[in-house]
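Okay, here we've got a single chain as structure tokens, the form predicted on its own, with questions on binding and movement later.
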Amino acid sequence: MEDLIREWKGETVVVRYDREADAWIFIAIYSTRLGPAAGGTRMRTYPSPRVALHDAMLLAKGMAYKYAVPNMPWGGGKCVIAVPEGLDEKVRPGLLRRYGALVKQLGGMFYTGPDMGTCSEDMDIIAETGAPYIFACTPKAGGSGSSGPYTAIGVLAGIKVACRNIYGTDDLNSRKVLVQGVGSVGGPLVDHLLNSGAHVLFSEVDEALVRRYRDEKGLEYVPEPAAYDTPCDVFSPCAIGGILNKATIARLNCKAVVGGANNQLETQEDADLLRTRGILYAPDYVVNVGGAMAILGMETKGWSKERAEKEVATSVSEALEHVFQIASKEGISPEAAASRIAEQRLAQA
């Protein structure tokens, strides 16, 4: 892990081993130039602590860019809690409380909320020892609840911008959209797409979710191995990251990729592969900012739910349109255009 920390361009890494749960806690803070670092807490099993640390670093950089593109006054950070396979649920609350105490020790350097593997109920537990640096607790505990539905609103806005750039209209009526992953973001996105008249397909590995969306809602199910080959207008990755690489990009049968998953590109070069194939790519940190933007707005600025939804849709639409305009004018990928905007704003802070 030493080489990762030595070579990383971020500011700070906090590492703690939790002996009681046999878990590693990594808090990666990429930048505090625009403000205190904020980012979700991800909990999952990793092949090794090194892989978990690397994930935290990538995610922290993505958070910094996520806030920088729309010029939000927050820095980028992320926590990854790497737990052993089959973590005893009786151990989980204690782990969360000890993690909350660590966040509080940082004294406002890092604010956090839910991410993959955690939820608002977990934030309630973390806040017992970590308040006031914990966002998106349950409404019962005084928080704003899940950020997933607001992220979905931003992704929907991104899909409309992409379609406008490709087809000349953002009308989604009969547009075929394949949503990969129908969890906390993909599920609400499916509902928004259906309400917009889109033809929605979905891919999912959780059997309970497959039954809900295929058998109960009657949506067309695409088995995971076939997701990249299935013809569609928009492919929307809303599950794990790193899914766009040389092999999968060669198989894509879509006009655009617009999704809510973090770090969708396996490498930065994959953005150029998408451009070469004529597939319009919406950088994930530009379109999936909705959850963070809404929760921070409601809990620090007093936004109403309705205002939060409007702010997310407007901000994502304007930011992505700006990114696409720069990319088209300069003959570069949207990823290159978006990262340039983010880096410039971080440098100027």
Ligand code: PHE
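Because the structure is a prediction, the values reported are computed rather than measured. In this text, residue numbers run from 1 along the sequence as written.
In what follows, reference is made to the form predicted in complex with the named molecule, a form of this protein that is not presented.
Q: Between the named molecule and Pro70, Ala157 and Ser317, in the model of the complex, does every residue show a non-hydrogen atom at 4.5 Å or closer?
A: Zero of three within 4.5 Å in the model of the complex.
Q: Taking heavy atoms and a 4.5 Å cut-off, does Pro283 contact the named molecule in the model of the complex?
A: Pro283: no contact with the named molecule in the model of the complex.
Q: Even though the named molecule is not shown here, does Phe135 get within 4.5 Å of it in the model of the complex, heavy atoms only?
A: Flag for Phe135 set to yes.
Q: Given that the partner is absent here, does Asn288 sit within 4.5 Å of the named molecule in the model of the complex, heavy atoms only?
A: Close contact exists here: in the model of the complex, Asn288 approaches the named molecule to within 4.5 Å, heavy atoms only.
Q: Indicate whether the named molecule has at least one heavy atom within 4.5 Å of a heavy atom of Asn165 in the model of the complex.
A: Heavy-atom contact with the named molecule at 4.5 Å: absent for Asn165.
Q: For the interface check, one of 43-51, 308-316, 25-33, 288-296 should have non-hydrogen atoms within 4.5 Å of the named molecule in the model of the complex; which one?
A: The contacting stretch here is 288-296.
Q: With the named molecule left out of view, which of Asp270, Asp115, Asp122, Asp233 would have a heavy atom within 4.5 Å of it in the model of the complex?
A: Partner contact (heavy atom, 4.5 Å) among the options: Asp115.
Q: Give, in sequence order, every residue of 74-93 that has a heavy atom within 4.5 Å of the named molecule in the model of the complex, or say none if there are no such residues.
A: Result: Lys78 alone.
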